[in-house]
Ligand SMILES: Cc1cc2nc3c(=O)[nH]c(=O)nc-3n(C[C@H](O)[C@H](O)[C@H](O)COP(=O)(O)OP(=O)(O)OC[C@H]3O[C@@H](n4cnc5c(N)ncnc54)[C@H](O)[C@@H]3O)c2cc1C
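First, one chain by itself in structure tokens, the form predicted on its own.
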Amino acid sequence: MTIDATTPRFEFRRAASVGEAVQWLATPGARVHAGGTDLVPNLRRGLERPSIVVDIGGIAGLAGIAWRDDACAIGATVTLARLAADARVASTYPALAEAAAAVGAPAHRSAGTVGGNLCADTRCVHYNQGAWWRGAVGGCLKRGGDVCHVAPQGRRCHAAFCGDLAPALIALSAELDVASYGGVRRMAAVDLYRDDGAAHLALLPGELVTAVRLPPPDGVSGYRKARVRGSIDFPLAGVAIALRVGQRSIERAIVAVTGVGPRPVVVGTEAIVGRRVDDETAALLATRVEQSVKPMRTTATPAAYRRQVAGVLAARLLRTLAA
């Protein structure tokens, strides 16, 4: 199968079950396909040259949203549009619904899936280019070269993970079901990611994220992002907060940030727990966020601006949630 004349050839297989999918995904060079909003552009640019593309869109067991009391299990192929429009998700886990609604444009959300957004490739202005552009600069550390143009003196890829769902799920203490030929294991959402832009997912060959599991909510939550074009772009920074406020002070806060490094950043909140939510506390959180995130020159927007934006988003969201 080919997507167009410039796309590499590969074998396309439609999996009828999770077992069949993980068996095929264990093949060296295999890639998974559901909505294709991340994979297809990478194929067209020559960033991916898979031997096999395994389509999981027809596996019925991955397409549901199931509730048990106030806990929720969401299948990996549930679309972002469906997730954003689900009234119970929106009322129970506002951060997740807001994150889903913030992804791309309506067409992206209609095709893109929960699992796909969680496992989306990292991004960088030196990586997400056509083959001719990459060839002109000799490739990069992530693909076809031996230099990271973001930090030429280093030996590490700084491409940034820009998925919107991940910080929301991390803030909400979600877990993931990960299937392989040997069975299913469960992992915290935060443990899916590694601090390596070239290999940012902690999945073994043949493993597939099949579901997201959310515990009952513990307080309120929300997600905010900043982007160049409000109708479509990936986040320059995106912030999710899960917050529990007592009679007088913050009892619990989890803050996660996306778009500022190879993996989502979990910000320590010890400094604001026990404090009332006021301007001083919001400023303290903003400072803590700015100290925790270390964006690099992976976008056309200055890294210092993205760091400041992350802090401002966190402070504004804290005030909104506390209100």
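These numbers were taken from a predicted model, which means no experiment stands behind them. Start at 1 and count along the sequence shown; that's the residue number.
Although it is not shown, the form predicted in complex with the ligand is what the next lines describe.
Segment assignment from 183-191, 76-84, 214-222, 247-255: heavy atom within 4.5 Å of the ligand in the model of the complex: Looking at the other structure, the answer is 76-84.
Evaluate R31 for contact with the ligand in the model of the complex, applying a 4.5 angstroms cut-off between non-hydrogen atoms, and reply yes or no. Heavy-atom contact with the ligand at 4.5 Å: present for R31.
I232 near the ligand in the model of the complex, any heavy atom under 4.5 Å? Contact with the ligand, yes.
If we define contact as a non-hydrogen atom of the residue within 4.5 angstroms of the partner, is E98 a contact of the ligand in the model of the complex? E98: no, not in contact with the ligand in the model of the complex.
How about L208: is it within 4.5 Å of the ligand in the model of the complex, going by heavy atoms? Yes, L208 sits close enough to the ligand in the model of the complex that at least one of its heavy atoms falls within 4.5 Å.
Check, residue by residue, if P295, R307 and G311 all come within 4.5 Å of the ligand in the model of the complex, counting heavy atoms only. Answer is no for this spot.
Can you list, in sequence order, the residues from 95-124 that come within 4.5 Å of the ligand in the model of the complex, counting heavy atoms only? Stretch hits, in order: A102, V103, G104, H108, A111, G112, T113, G115, G116, N117, C119, A120.
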